[in-house]
Structure formats: C-alpha cells, structure tokens
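Coming up, as structure tokens: structure 1 and structure 2, two forms of one and the same protein chain.
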Structure 1
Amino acid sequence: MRKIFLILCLAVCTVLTGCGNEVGQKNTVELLFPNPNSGIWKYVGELCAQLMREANYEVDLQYCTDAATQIEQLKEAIEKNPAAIVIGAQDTGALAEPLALAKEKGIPVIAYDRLIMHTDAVSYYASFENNSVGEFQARYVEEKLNLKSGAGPFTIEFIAGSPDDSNSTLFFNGAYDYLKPYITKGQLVVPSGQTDFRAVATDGWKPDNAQARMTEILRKYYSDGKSLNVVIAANDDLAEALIKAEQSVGYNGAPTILTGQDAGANGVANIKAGKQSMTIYKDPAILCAKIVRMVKAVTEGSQPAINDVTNIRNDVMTIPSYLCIPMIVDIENIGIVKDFR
C-alpha cells in the first residue's frame, strides 16, 4: 500500500511539474519593437505590455535601434519557447532566418503593423489598412484642390518612407496610384520628375535624408518663383523635413497641402500652426487591443478573428490578417489625437 501511495505521489508531482512548465509557457509573451526614441513606438510597446499583463500574461518587452540587435533579441526570445512572439520589425526583410526556428518550435509569430517579408513563419499580421493611408492622403488632396472638377495645374512632390519597411511601398502606391490619372491629365505636375518609389524613398525614415533631398529639389526646380503646391509626405517627421528644407533655402511659398501620418507630437503642432495640412491617425489602442485578442486566441488553441485572408502576401505566403481602418485628421478634428510624447 505504501508503495502504491509513493507511486501515486510521484505521478502527481510529475503531472504538476509538467503543468507548471506548460502554464508558464502559455502565459509568456515576447514583445519586440523598434526605435524606443520614437514617441509612438515607445507608447505602443508600453501599451501592448500593459494590456498583455492585464490579460494575465507574463511579458518581456524589448526595443532595438538596428536590425542586428533585433535579430539577436529574436533568437533569445525563441530560446525561451514563449507562447507567442509579437514583432514590430526594425527591418522587415531581415528576420527570415531566425523565424525559421520559431516555426520549427511551433511558436506563433504575430507581425505588428509592419509586414515581415521573405518567410513562411509568420502566423498572423495585424495592422491598419496601409494602402488606404496613401489613398486617404490622395483623396484629401483631390477634395481640397477640387481635382474632380478639373482644377489645376498644381505642382506636387512625393516623400516616401524607407525601402526596408514594407509599409512604405503601400503608402506610396496608395497615394500615387490614386493621383496618377490627374498627373496624366496634367492637373498635377511633378517638376522634379521623381515619381518612382526608389527615387522618392527615404532611407531609414531619417528626416535628415528627406530634408537633403527636398532642399536640392527646391533649389533646382522652385528657385524661379514657381510654387510648390502639394507634398505627399509619408509621415509627420518627413513632413517636418520638408518644412525645414523650405526654411533652409528661404522658400516662403509653403505648400497649399502638406500631408503626414502618425499624428505624432510634431505633426499635431505643425497642423495647429498651419504648417501641415493633415495627418493619418492610426490609434495604437485599437491595434494593441487586437494584438492581445490574437495572442489570447493562439494561446488557447483557437483561430483569431481576421478580416483579410487573400490580400496580404509577403512574397512567400499569404498571411491571415486583421486590418483596422485609419482616420484623416486635420485642424477640424485634431483634438481626438492622443499625445505620444
């Protein structure tokens, strides 16, 4: 009888130990995000971590400032065998190799906002409808300049995001494709001739790079009194780069319309000061809440609610996705924006 009792005790201890490990893994989430110096990314990381903890997950939150660091962080995260990994990629094309190990170990990977390329190891993707970002910027231009009524010609230039961010081409294509018919008709004219994504891209999303390029464009194409009417800037930092470029060359004819994105502190301030026309607001609270629901589903063995199973492809596979709708913000409704500083 004593022998049977000892065997039963050993069995119970073994089960409890196993359950303890399993529960620990099920409740551990790795959050990897870029650029802690960016107000919005810092806010996103902290908000996601807070919401995960409120949902009873143990969270390891890490930031990086370069792709190499994030790769090492990802490798370390995979070694911990967490229940899920959420990644806001620093370089969307640099994570395929370590993610192969995550897939091998069966760890669900959720891409936050930036689509991770060149891999079949991404389980889900959550973002805003990023093609709509550029389209919404373009629609704003169309409306404010009465392009549907045939108004024009107006001059226009483009400042796109970084080539290593897969969203950058979506933003640019959304805007350019929508406005292209007006360019073809001559209602919108691009004096620099720079309409190819590679030509207008800004390496690293660095405002200094955009400022240098726009300074050159202003000096070369707008020094004879020609007005620059529209600038499609992919985000608020790049919009501010245009403002600084104008100041550096003494250009006083501020664009009739200057777009932005992110509704960051500088964008909000520039809109209030009349230096920037609009921005695209993607409320991080909406996306972070969606990420938590996705993690909860995968850790419980169910499929997250998704609304796109056909359109999001990273050049290797089509990724089940949930896409939220962004919002146009200008001086009329700027008060709805949260302060990310």
Structure 2
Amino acid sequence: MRKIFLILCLAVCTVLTGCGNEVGQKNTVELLFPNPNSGIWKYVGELCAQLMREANYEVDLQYCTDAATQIEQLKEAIEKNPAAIVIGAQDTGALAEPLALAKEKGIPVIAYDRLIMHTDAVSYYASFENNSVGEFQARYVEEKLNLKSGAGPFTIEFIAGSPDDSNSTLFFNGAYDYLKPYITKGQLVVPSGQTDFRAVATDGWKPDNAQARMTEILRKYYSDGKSLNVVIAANDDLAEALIKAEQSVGYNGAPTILTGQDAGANGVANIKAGKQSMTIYKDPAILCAKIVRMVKAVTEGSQPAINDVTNIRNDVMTIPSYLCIPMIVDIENIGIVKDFR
C-alpha cells in the first residue's frame, strides 16, 4: 500500500512540476548564437550562459557559422523540450519552419539582438535600438565635419552588414536616412554611386568581402589622389576591412572618418591607434540581464522588463520587446569600454 502511494506521488509530481521530459525540462535553457568569429558574439554567448547559470538555469550554449547548422541545432533543441530557447539568429529569415514546431510544443522563444522574421513563435525580443546605431554613426560624422554649418563637399562611402541579418538594414537606414539631406545638398558626395543597401551590403558580415569591395572602389574612384573623407562601416570588423583595403592600395589621401560598432577588441585597438574614429558601444551585460528576466518570465510567470509593445513587428506579429540605448565611443571616452575578448 505504501509503495503504491509513493508511486502515485511520484507520478503526480512529474505532471505538476514538469520534472519529467514529457512536460519539458523546467530548468534548461537552449542558447543558440551565430558566428562566434563575427562582432563580439563569442563574448556575448559566454556571458549570457554565465548569467543564466547564476540564475539557476542549466544552459546548453551553441554557436554556428552557417544558417543550415543553426536550423539543425534548433531542431535538436526543440526535441529536448527545454524551458526556453534564446536565439541570436544566424539568418533571421530562415528559422520560421522549425520555430513553428517550437510553438506547437509550447516552448517559449526569445530573440536576442536580431529580430527573427516570418514567424509568430517569438515570445519576447531584446536588443539595442538598432536604428539609433546607424543614426549615431551619422550624427558623429555630421558633428566632426561641421555639416550643420554647411561645410563640404566631402566624399563618403558605405559598408553595410549582411542581408540575411534583419539588423543590417536598420543600421544602414539609420545612417543613410540621416545623412541623405547632406548628399542631396552636395555637402556629401558618393564617388562610387553605391548608396543602395544591396550594393553596399556585406554577405555574411565577412570582412574579406568588404575588403575586396572597398579595394576595388579605392582603385576605381580614389586613385588620382582623391581623398576618401568618410566611411560608414556597420561594425568594427568592417571598419578594419576598410583599413586593410586602404593599406593594400597604398591610400595616401586625407585621414578617413571611420565609424564602427561593438567596441570589440579590434575596434578599441584601432581607435587607440588613430585608425578608426568611433564605435558604438552596446554593453552585452545590460542586454543579457534583460534576457535572463525574460527567461524567468516565461518559466516562472514573473514580469519581464519591457519598454516597447507596439513598434517591433517582424512582418507577422508585434513582439513585446526591450530595446537598450547604444552609446557613441571615441578616443575621448574609450576608457568606459569593457574588454570583450
């Protein structure tokens, strides 16, 4: 009789608390992140995993270098019935199909930094104001070149991020739309004529692709001693690609105002060496903390911090979001940056 009672108790416990696989692994969080060699993703993944563990979650952290691998990782993660899945998408347009299964199984999904498209399976999204990233780069250029007081003409070129990352158009539009009036007035000129996102995008955020494109542009449009005054590079990796392209053609025009993003080790070193003008600082500790709150909310029914319930639409649904504010960093305030190695 006592034995039967014990077995009954165990069964009830399994159903109520979910300590068995049938109703999900209550404390396991699957963290799927993109290419660890791009931007500061390696640091970000490790930091998020650490903060989740400190909040008593078991974490399975995985990176990928291509979309197909991440799709497989996601399918396997769904199989495990975790308490939540956090995704920094490698290709923000490629996850709708596996995510439909996550929704069917009732697994909460949280999008990290990059908004996931074509799906209604995302519970929350946390990121930085991605439009502001580009706008802040543009404002920096405006100030340094005195554009408001009519200075110019200056030459400018753009290096945008990867088309398979929904952030890339936000970064580009944020910068381009802000500078467009100066282009229209002729204070900024684009000798290559490349002002369309498709023309300036960098597949896979790969610096080699950007370096090849910029080398060609420098040879074609800046070979007669013409100076390249400004380059809006979407992140620090792409800024470094420009530096290498200039070195490879022996560029000897005026110094280029060069933007970046991430305050990664390469960006910080290049700013200190006077090769890059600024970067956009997005402290991952702030973002990861928001993500932990979101995970708690979906696993414990608590309230996550949300500051946008209307503006973040992914073409299927509006996603409750927390958007952090990025910061401009240059040689003046570089000391505030943590070491993201």
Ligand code: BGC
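Counting starts at 1 and follows the sequence of structure 1. Please read these numbers as outputs of a predicted model, since none were measured by experiment. Think of the rigid core as the biggest set of C-alphas that the two forms share within 1.5 Å after superposition.
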- Item | Structure that is the form predicted in complex with this ligand (1 or 2) | 2
- Where the core is superposed, what shift in Å does the CA of Ser38 undergo between structure 1 and structure 2? 4.2
